[in-house]
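Let's start with one chain on its own, the form predicted alone, as structure tokens.
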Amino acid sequence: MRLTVIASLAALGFLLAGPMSDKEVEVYLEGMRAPGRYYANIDAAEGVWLRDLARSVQARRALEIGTSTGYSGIWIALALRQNGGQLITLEINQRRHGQALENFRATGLDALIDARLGNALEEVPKIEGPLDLVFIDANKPDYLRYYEMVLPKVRRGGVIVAHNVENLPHQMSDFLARIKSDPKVRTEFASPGTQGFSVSYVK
């Protein structure tokens, strides 16, 4: 209850005073994790890690496959705000898409985020490169298909990040086999939280 109130107050602060500072956004993100509001998102520590990764590769054009309620997209957008970039994020579920739009507006990051409702398997081919960062966190058995679609669009030195590689590897075994052997990328693994990321840098 307390975190929900904090998030509501933070949103009100945005309406009265303009876009939130990074610290205010982090308070809002904490409120998003309150019971009844959190849905299939990354951990808080994973959000910090993802933001820092986007900053480290100097991402300006980012793509997220699987918006959910916007939690991870907000973390990415914090890096893009610093870098002067934009995020395209795709979500197939209308309810979660609507919740994400509300959260993007509340934090004042909506101007940096092109949130699209649709099937990523249909929408990704429409997105032009080059991309600096791609974050995959959608239907796990489709990870390999997403990877194959985005790989030609990511610039050299850019990165393709996938979530849940530690807690749900059995759902994406073909994807994991591919990124470990693909000569076009250099893949590492990171565990800032409990679910795990693969991190594939394009050569």
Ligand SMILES: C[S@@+](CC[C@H](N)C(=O)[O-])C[C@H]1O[C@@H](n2cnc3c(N)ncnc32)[C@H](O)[C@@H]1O
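Given the structure is predicted, the values throughout are model-derived calculations rather than measurements. Each residue number is its position in the shown sequence, starting from 1.
The next section is about a form of this same protein that is not shown, the form predicted in complex with the ligand.
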Full three-residue contact with the ligand in the predicted complex, heavy atom 4.5 Å, for 157, 187 and 199 | no
So in the predicted complex, does any heavy atom of residue 119 sit within 4.5 Å of the ligand?
-> yes
Contact test in the predicted complex: residue 42 vs the ligand, heavy atoms, 4.5 Å | yes
Consider residue 138 of the chain shown here, and say whether it contacts the ligand in the predicted complex, taking contact as heavy atoms within 4.5 Å.
-> yes
Even though the ligand is not shown here, does residue 109 get within 4.5 Å of it in the predicted complex, heavy atoms only?
-> no
State the residue from 113, 90, 131, 78 whose non-hydrogen atoms include one within 4.5 Å of the ligand in the predicted complex.
-> 90
Stretch 71-90 - residues with a heavy atom within 4.5 Å of the ligand in the predicted complex | 71, 72, 90
